[in-house]
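Next comes just one chain, in structure tokens: the form predicted on its own.
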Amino acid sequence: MKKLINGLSVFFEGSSSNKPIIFIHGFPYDHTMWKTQIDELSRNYFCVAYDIRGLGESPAGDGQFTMEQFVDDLEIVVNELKLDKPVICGLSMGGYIALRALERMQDKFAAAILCDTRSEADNNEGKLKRAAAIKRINLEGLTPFTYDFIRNCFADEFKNNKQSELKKIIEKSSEFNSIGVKGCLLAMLSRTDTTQSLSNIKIPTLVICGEKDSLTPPSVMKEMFHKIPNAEYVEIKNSGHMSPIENPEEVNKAIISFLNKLS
């Protein structure tokens, strides 16, 4: 089912009487990246996913986004749907949103799942790369940027063996509003560093990383994992940055095992 909340397209599956999980997608994707997880988990959980402002079916507006605005959106969705202590699950940019949300309102969540993400803010090199991406989109349009960026998110196994699926993912993201994509780049470029607050995370936390992730490699995510009390770490084989798509069976197995321990 779909509902508009604060202008955002929000989707949910499963019985609302079950324990809620809220999924936050990465950049430059939409809520459908979690399809395999939601198909599996909605049997026993109330699964909520939404398109981040400016991506998917959520409007771009003026494209002047901040990470704080994205966290505000998350809070509004949780409150509007009256989600009682949901498990928060975010990948990459969705992980940035989740980590900042845990700084601001950890008491709203029962547990956290952090997939292929990092707590550090962009360093100068990272900021310049985001700025260059915005410039490229302005000069060349969205499609060339999307093609190169998304291909870099996946390990060679997926690129070689799932070419048609990868093509569909690239084509879908290429149809998004370029104003929204650039707005997300601005929000990531200007986000705060959440590393110092990792030790303050008291809720159970699962950290998931693709073993071949070149954007947030295992070495980076293990450092984050070690700073979070009561955390678990799972490395997903034959996966790059998009582990829920590249090896959904192993990701589902890790998430279900984690959730079973909570109950």
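Keep in mind that this is a model prediction, so the values were computed, not measured. Residue positions are given as counts along the sequence shown, with the first one as 1.
We do not show the form predicted in complex with a small molecule, though everything after this point is about it.
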Could you tell me which of 135-143, 72-80, 85-93, 174-182 sits within 4.5 Å of the small molecule in the predicted bound form, going by non-hydrogen atoms? 85-93
Answer key: of Arg151, Lys162, Arg104, Arg130, within 4.5 Å of the small molecule in the predicted bound form (heavy atoms) is Arg130
Quick one: from Phe225, Phe27, Phe46, Phe65, grab the residue that has a heavy atom within 4.5 Å of the small molecule in the predicted bound form. Phe27
Output flag, Leu8, Ile22 and Arg53 jointly within 4.5 Å of the small molecule in the predicted bound form, heavy atom basis: no
So, in the predicted bound form, is Leu215 in contact with the small molecule at a 4.5 angstroms heavy atom limit? yes
Is there a non-hydrogen atom of Ile97 within 4.5 angstroms of a non-hydrogen atom of the small molecule in the predicted bound form? no
Can you tell me whether Ile169 touches the small molecule? I mean in the predicted bound form, with a 4.5 angstroms heavy atom cut-off. no
Might Ala155 be said to contact the small molecule in the predicted bound form, defining contact as any heavy atom within 4.5 Å? no
